[in-house]
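Before any questions on how it binds or moves, here is one chain, the form predicted alone, in structure tokens.
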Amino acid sequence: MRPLKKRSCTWRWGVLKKFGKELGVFVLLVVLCTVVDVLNHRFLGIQNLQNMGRLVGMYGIFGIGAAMVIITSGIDLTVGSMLALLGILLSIAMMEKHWPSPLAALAILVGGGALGAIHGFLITKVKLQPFIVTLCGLLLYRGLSQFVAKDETKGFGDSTALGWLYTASSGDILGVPVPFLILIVVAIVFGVVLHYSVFGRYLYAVGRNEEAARYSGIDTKKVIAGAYVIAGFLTALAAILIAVDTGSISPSSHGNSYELYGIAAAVLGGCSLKGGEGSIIGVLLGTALLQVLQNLVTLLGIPSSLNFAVLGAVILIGVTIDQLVHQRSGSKR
């Protein structure tokens, strides 16, 4: 009986170690929701929950893309600028060039993936640092947004003309926002890719130790480039939903600092900035936690100027906890 008990304890410890971060975020999310509801009962109102669900859906999509890159020990700072550039191009394609909405949406998705492929090429072939590549991309895409739009706000006119695109970004099914449902589908697909596929195992291996992964026969360049292509594709998907939902895109401000929301959601959800760790469930929980915090700021009448202060504090706390966990696990070895 003793060996069986020992094996049971080992199994429980393994589960706790694997999902400990996600469980901690979930408990924190539940506690925070309870506190916010006590402070303001509008929090659990149907309209407020629907608004949060729509935002979680949109932010969670590009958050998953950011997590895929972070798992490889990379970073993507282009999200906000890509949201602006791709949103403007979508508006121009539909409103000025009169492209059918399916063709325009497909072109944006392909364009997002192509930009991600360029990032991957510069990082793996030219051997530039991910931070430098994506920082330059952040500036480049923002400048292109202003140039293409001639520094004018672009929009979509009458929402009825958008048809299925308007439903996808602002509609709901049985009271559940469609962007949230799209996020669930995306999470299932990339959850399978990340946790149950060879490519997913390679992502973790590259993030933990790229050199060791290369010596073990993994084509690390293709794996890293693939992560950036996925991030670009998911950013493009989010760009379509956010652009149509807001109805207008200002080239100078649309999507400003949204890359920080993706990074914060990934870090809060258990992704290590050192690479090799993270889960899709964690990203979903991290995104939900961020939106609850933002909702708390709104419902309690806290100045909106503190939004970025809250975001910065959240990222700092997440990185600090990750560092302490790594130090503790290293000392145990």
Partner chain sequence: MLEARALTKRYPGVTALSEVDFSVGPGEVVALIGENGAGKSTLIKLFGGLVQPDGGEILWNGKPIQITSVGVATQLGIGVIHQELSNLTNLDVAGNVFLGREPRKFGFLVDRKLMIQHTEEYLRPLGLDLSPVTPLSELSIARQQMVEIAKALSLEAKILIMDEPTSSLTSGETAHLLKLIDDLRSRGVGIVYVSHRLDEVKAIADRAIAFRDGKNAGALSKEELTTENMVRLMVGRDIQRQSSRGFVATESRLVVNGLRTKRFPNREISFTVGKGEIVGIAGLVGAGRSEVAQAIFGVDERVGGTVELDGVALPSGSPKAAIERGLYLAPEDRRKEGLITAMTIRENVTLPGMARYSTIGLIRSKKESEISVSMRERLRIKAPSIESQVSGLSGGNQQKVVLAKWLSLNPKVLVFDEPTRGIDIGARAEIYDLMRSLAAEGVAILMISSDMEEVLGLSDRVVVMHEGSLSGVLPRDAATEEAIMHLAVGSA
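What you are looking at is a predicted structure, and each value in this text was computed from that prediction instead of being measured. Positions refer to the first chain, counted from 1.
We do not show the form predicted together with its partner chain, though everything after this point is about it.
None of 150 to 158, 100 to 108, 255 to 263, 211 to 219 except one has non-hydrogen atoms within 4.5 angstroms of its partner chain in the predicted complex; the exception is 211 to 219.
Put simply, L140 is far from its partner chain in the predicted complex: not one heavy atom of it is within 4.5 Å. Proximity of Y204 to its partner chain in the predicted complex falls within the 4.5 Å heavy atom cutoff.
Shown alone here, V192 lies within 4.5 Å of its partner chain in the predicted complex, counting heavy atoms only.
At the 4.5 Å threshold, heavy atoms of S197 reach its partner chain in the predicted complex.
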